[in-house]
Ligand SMILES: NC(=O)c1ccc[n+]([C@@H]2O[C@H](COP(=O)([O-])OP(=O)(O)OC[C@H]3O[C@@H](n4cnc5c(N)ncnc54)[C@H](OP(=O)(O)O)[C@@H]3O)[C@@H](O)[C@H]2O)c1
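This document opens with one chain alone, in structure tokens, the form predicted alone.
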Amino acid sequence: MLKPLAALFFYARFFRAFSVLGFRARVPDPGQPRLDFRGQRWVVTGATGGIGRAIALGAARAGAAVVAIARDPSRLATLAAEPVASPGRVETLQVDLASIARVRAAAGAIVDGGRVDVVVANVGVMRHDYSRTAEGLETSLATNLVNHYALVESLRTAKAIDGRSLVISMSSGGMYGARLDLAALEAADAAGHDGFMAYAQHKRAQVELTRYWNGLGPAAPVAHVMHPGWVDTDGVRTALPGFRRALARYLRSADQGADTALWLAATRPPVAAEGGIWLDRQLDPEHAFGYTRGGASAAELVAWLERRVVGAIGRPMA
């Protein structure tokens, strides 16, 4: 009984801000500023559906050369066939984003193509079933967090991204319900796995990863973390069907979910000393409830991630 009541309170607390009503209130003119990404090279993960697809096409139609990363070759082909005016273009890279080895290989191919201006770590899954990858990681952890870290670190250490580059991490409003607990990032077995809570932990961890990258100094990329509000995506339809049925008329479109990522890349706002998470072009606090404060630090999270990487592939990221 307690869990349904907590969910009801959470949805009621954030309904106006996260629904399409919040977008309309905070972004009265989505067409401004006019986007111009000519001469830029982007990398977008989870690029074949929903928010990722909207970001990839939005950047390409504004002139960027976009490396679109996803797992399904047929959906990548469909994305590549979308009309994009020169000089923008979409190049595709088929990658299993749950595999560290394949993500690192993909990073190598990206490095060979030259410097990257913008990385959008968009991919995210909420899995209610429990499975482990061939490298021994719980699948949603590997997809949502470990390989998010692995991709950015591979590009950073190879100097494909630098102080002129931007990293945008796609978090979720669900992180407002989680205090970062390293022990809760990955369940040991199916009995201890809660897909909803794991997802919230992974998305809270992205906030701390952003803090870590912004603490590395001027040679490191600038990092921002955002969330898109409640968007009607394939992931929501699959993972939260009851939520979607109840709120279908209030969910945002994929383009509305992508808006803040494109705006961040166009305007390059400075990093706030107090951190924060972007929603609808505005920087909101990282915590909405007192109980989510005081969790694991950015340094503790990165040390934990390095241990998981070493355990999975036998060597550290560097």
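Remember, it's a predicted structure, so these values are computed and weren't measured experimentally. Start at 1 with the first residue shown and count on from there.
Although it is not shown, the form predicted together with this ligand is what the next lines describe.
Visitor: Is residue 95 close enough to touch this ligand in the model of the complex, meaning at least one heavy atom pair within 4.5 Å?
Guide: Yes - in the model of the complex, heavy atoms of residue 95 and this ligand come within 4.5 Å of each other.
Visitor: Tell me, yes or no, whether residue 195 is in contact with this ligand in the model of the complex, where a contact means a heavy atom of each within 4.5 Å.
Guide: So residue 195 does not count as contacting this ligand.
Visitor: Please tell me whether any heavy atom belonging to residue 72 falls inside 4.5 Å of a heavy atom of this ligand, as the geometry stands in the model of the complex.
Guide: Close contact exists here: in the model of the complex, residue 72 approaches this ligand to within 4.5 Å, heavy atoms only.
Visitor: Applying a 4.5 Å heavy atom distance criterion, does residue 64 contact this ligand in the model of the complex?
Guide: No, residue 64 sits far enough from this ligand in the model of the complex that none of its heavy atoms falls within 4.5 Å.
Visitor: Pick from 210-218, 169-177, 187-195, 105-113: which stretch has a heavy atom within 4.5 Å of this ligand in the model of the complex?
Guide: Every other range fails; the passing one is 169-177.
Visitor: Quick one: 58, 88 and 90 and this ligand in the model of the complex, is every residue within 4.5 Å by at least one heavy atom?
Guide: No, none of the three is in contact.
Visitor: At 4.5 Å, heavy atom to heavy atom, what parts of 210-237 sit next to this ligand in the model of the complex? List them in sequence order, or say none.
Guide: Read in sequence order, the residues that approach this ligand (within 4.5 Å, in the model of the complex) are 227, 228, 229, 230, 231, 233, 234, 235, 236.
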